[in-house]
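Okay, so here's just one chain, in structure tokens, the form predicted alone.
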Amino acid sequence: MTNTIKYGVIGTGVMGQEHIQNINIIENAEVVAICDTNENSRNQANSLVKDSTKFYNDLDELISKNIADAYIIATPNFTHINILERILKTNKHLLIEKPLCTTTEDCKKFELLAKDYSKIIWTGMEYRYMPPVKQLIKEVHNNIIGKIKMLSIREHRFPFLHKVDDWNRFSVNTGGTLVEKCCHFFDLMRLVIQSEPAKVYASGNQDVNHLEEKYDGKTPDIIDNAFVIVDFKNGVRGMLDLCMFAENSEYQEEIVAVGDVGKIETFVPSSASGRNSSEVKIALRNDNKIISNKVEVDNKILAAGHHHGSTYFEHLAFIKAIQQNTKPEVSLRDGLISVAVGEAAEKSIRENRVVFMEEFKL
């Protein structure tokens, strides 16, 4: 890979800045343009980029300048569909932060609009690229545990961060916690299990976080804990255990896959722990030994974000796909289905019932 990929970053809040910091440590990539309507976000981004980087507060002006090879869309979730409709005219490579859109219907609308798009459209599912998670996925697909039967994902973490204008405090802006936050995990389930979701049943509530907050007289309505079970068409079951009032956890994510021969598990340290290593453990049913493999991440990469190095490795894969003219590893369809499962889980909680994925007409 020799040609430098020139990025335009649209939206420079928390996640947009993480993308910039990771692009900065990749040799064959640079940020040439920033677009954000928020002055404070533009000022923060300005401290992260070269003096030559161009700044815009109007998307159409950025598009008209035609100075980028690829665009990152990292604006608030509810703005995605409008931006995506407009950005298609560029015919540039696109990396769209999760969730693709806040509703399945908007995702389907964009999929239809983009059906003849000739460049890469990549959904930003960086959890796939966390080194210990990537190692677990590889081992499962190599059948180290035999035929997978169960997959469980636990995320015990801190509450939602404050973002620009506190847009992430309301489900109408985010799609709901199980779309906004958890589409990552439903994407991981599909990737590990290698099957499509058939039905979803969930239990969750807003029990602790944001209950004392008020915005224009309204209290936030985003849930802060849930159990979600996803049944897949091949008979495998996936489960998510989410708690967003568990800040002092040694591991932010724990993932366990169990097959008919054994099980494999990994643990992703929380950012606050400062740890640069984790373990992937394999335990087979007919063996009393547990094989433990240490997975380390360079401290320079860890310092560039809050996702255990995954954003960096995601960009390496994105750039490789651009330069080798290959299909995206995380497709538009992947983004759509991850939103649909999250929406099904939110619906299951509201309506107190099993939600069948066929209801979404995917």
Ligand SMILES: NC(=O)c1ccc[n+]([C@@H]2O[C@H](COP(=O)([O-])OP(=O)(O)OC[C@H]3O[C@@H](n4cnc5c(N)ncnc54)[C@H](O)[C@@H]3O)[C@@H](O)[C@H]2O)c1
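Because the structure is a prediction, the values reported are computed rather than measured. In case it trips you up, residue 1 is the first one in the sequence shown, and so on.
Missing here is the form predicted in complex with this ligand; even so, the following discussion is about that form.
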All three of C35, S41 and W167 touching this ligand in the model of the complex at 4.5 Å, heavy atom to heavy atom? yes
When this ligand is placed as it is in the model of the complex, which of 142-150, 210-218, 283-291, 177-185 ends up with heavy atoms within 4.5 Å of it? 177-185
Heavy atom within 4.5 Å of this ligand in the model of the complex, from candidates T79, Q135, Q206, S271, belongs to T79
Using the partner position in the model of the complex, report whether T266 sits within 4.5 Å of this ligand, counting heavy atoms only. no
Contact between G238 and this ligand in the model of the complex at 4.5 Å, heavy atoms? no
Do K163 and this ligand come within 4.5 Å of each other in the model of the complex, heavy atoms counted? yes
Does the 4.5 Å heavy atom contact test between E97 and this ligand in the model of the complex come out positive? yes
Relative to this ligand in the model of the complex, which residues of 305-343 have a heavy atom no more than 4.5 Å away? H307
